[in-house]
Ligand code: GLA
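The chain below stands alone, shown as structure tokens; this is the form predicted on its own.
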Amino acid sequence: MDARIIQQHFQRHFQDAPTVVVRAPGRINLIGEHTDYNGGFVLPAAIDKAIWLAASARTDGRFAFYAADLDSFYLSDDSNTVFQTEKKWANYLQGVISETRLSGKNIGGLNVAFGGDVPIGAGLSSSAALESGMLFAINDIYDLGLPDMEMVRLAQRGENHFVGMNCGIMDMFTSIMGRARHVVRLDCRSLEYAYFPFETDKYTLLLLDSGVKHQLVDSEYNTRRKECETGVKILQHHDLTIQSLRDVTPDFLAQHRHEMSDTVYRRCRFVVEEIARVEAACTALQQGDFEAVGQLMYNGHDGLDQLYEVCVPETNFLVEQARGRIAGARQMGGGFGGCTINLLKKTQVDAFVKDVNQAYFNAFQQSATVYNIQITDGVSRF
């Protein structure tokens, strides 16, 4: 899918040329898992897998959406009111319309066609890319003058309140605020951010999709979150300034280990160490030390597996195939499946992919889908 193809879809369904064509990227997260809801840091980047969206205004106040990849069409009723629909994909678009209206902005009708190459269910945030692209198009068509960070917040609220997914802000932030050849450190408490260079002639990033879907991630995610909150409440008895695990040092946590269950301690330990790994990775990137970044990724995976317990045999296998061979690898995302993210020299890619996929097939009777990725700018008008 690209700009030309999505324009063709738009013209075929709406018999007119679009007013705007938008590219909205998916994202990776180099390091920093489960730190967002603990007030910590994440280190994501926008990538060259994207949702393409073509749009123009309608005069009747209705909303017409065409999902090209699904060959599915949605048309709202003539009440000029946004309702949730059984076509779940349409709710991601209607959610941002609803939240933008609730913010006081006047939005009329829209024709929209969209499609892309962000893999569904691989942890690359296709839904956030769609929401970000939709907001960018609305902002452009209706000249709303929304700042970037306001679009980020509206996209998140659309998914939280309308779709019903209690996600964090990282995915929308990255799709809108990404910068080519940089990762961005986002402070999930203050929403302050800073860019760090990821530009090298020697190294690249590669995703290996285990093919395991996140079947347990919602319930287990909520459990992990509650376990972290339990640890914070215990520590607050000793220091009232602690708001989240962001405020906890390893030494302070260790001093009060005996007051926690072993499970709660291990959850808290992972988060405290992972927040520190994000900071260390930023320092290593500034120094151009990609081998140090890679070791932090391996350390992060070990913590996800042994302390946070969100890994599966398939992702563990992929990381073990990488260990000692390439700079770094870890499971990416909330856990219980999805992709591993791999940092390696460009000269290693072909042999690494061949050998790992053969080993993975021998072990699990399936291949791991490979995604070569580049770090790109955030959402933009084509």
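We call the rigid core whatever largest set of C-alpha positions still superposes within 1.5 Å between the two forms. Just count from 1 along the sequence shown to find any residue number. Just so it is clear, the structure is predicted and the values come from calculations on it, not from any experiment.
One more form of this protein exists, namely the form predicted in complex with alpha-D-galactopyranose; it is left out here, but the text below deals with it.
Peer 1: Which residue, Pro119, Gly168, Pro250, Gly288, has a heavy atom that falls within 4.5 Å of alpha-D-galactopyranose in the predicted bound form?
Peer 2: Selected option: Gly168.
Peer 1: Taking alpha-D-galactopyranose in the predicted bound form as the reference, which of Tyr37, Phe336, Phe317, Phe352 has a non-hydrogen atom within 4.5 Å?
Peer 2: Exactly one residue meets the criterion: Tyr37.
Peer 1: Tell me which stretch of 343-351, 49-57, 62-70, 327-335 has a heavy atom within 4.5 angstroms of alpha-D-galactopyranose in the predicted bound form.
Peer 2: Careful reading of the contacts points to 327-335.
Peer 1: Check whether Phe198 has any heavy atom within 4.5 Å of a heavy atom of alpha-D-galactopyranose in the predicted bound form, and answer yes or no.
Peer 2: No, no contact at 4.5 Å.
Peer 1: Closest heavy atom of Pro44 to alpha-D-galactopyranose in the predicted bound form, within 4.5 Å or not?
Peer 2: Close contact is absent here: in the predicted bound form, Pro44 is far from alpha-D-galactopyranose, nothing within 4.5 Å, heavy atoms only.
Peer 1: Does at least one non-hydrogen atom of Tyr265 fall within 4.5 angstroms of alpha-D-galactopyranose in the predicted bound form?
Peer 2: Residue-level check for Tyr265: no, no contact with alpha-D-galactopyranose.
Peer 1: Any of the heavy atoms of Tyr221 lying within 4.5 Å of alpha-D-galactopyranose in the predicted bound form?
Peer 2: Answer yes; at least one heavy atom of Tyr221 falls within 4.5 Å of alpha-D-galactopyranose in the predicted bound form.
Peer 1: Quick one: name the residues from 20-34 with any non-hydrogen atom within 4.5 angstroms of alpha-D-galactopyranose in the predicted bound form.
Peer 2: Going through 20-34 in order - heavy atoms within 4.5 Å of alpha-D-galactopyranose in the predicted bound form - the hits are Arg27, Gly32, Glu33, His34.
Peer 1: Is Val278 one of the residues whose C-alpha moves 2 Å or more between this form and the one not shown after the core fit?
Peer 2: Not so; Val278 is displaced by less than 2 Å.
Peer 1: With both forms fit on the core, has Phe352 moved 2 Å or more by CA between this form and the one not shown?
Peer 2: It does not reach a 2 Å shift.
Peer 1: Honestly, after the rigid core fit, is Phe336 moving at least 2 Å at Cα between this form and the one not shown?
Peer 2: Passes the 2 Å threshold, so yes.
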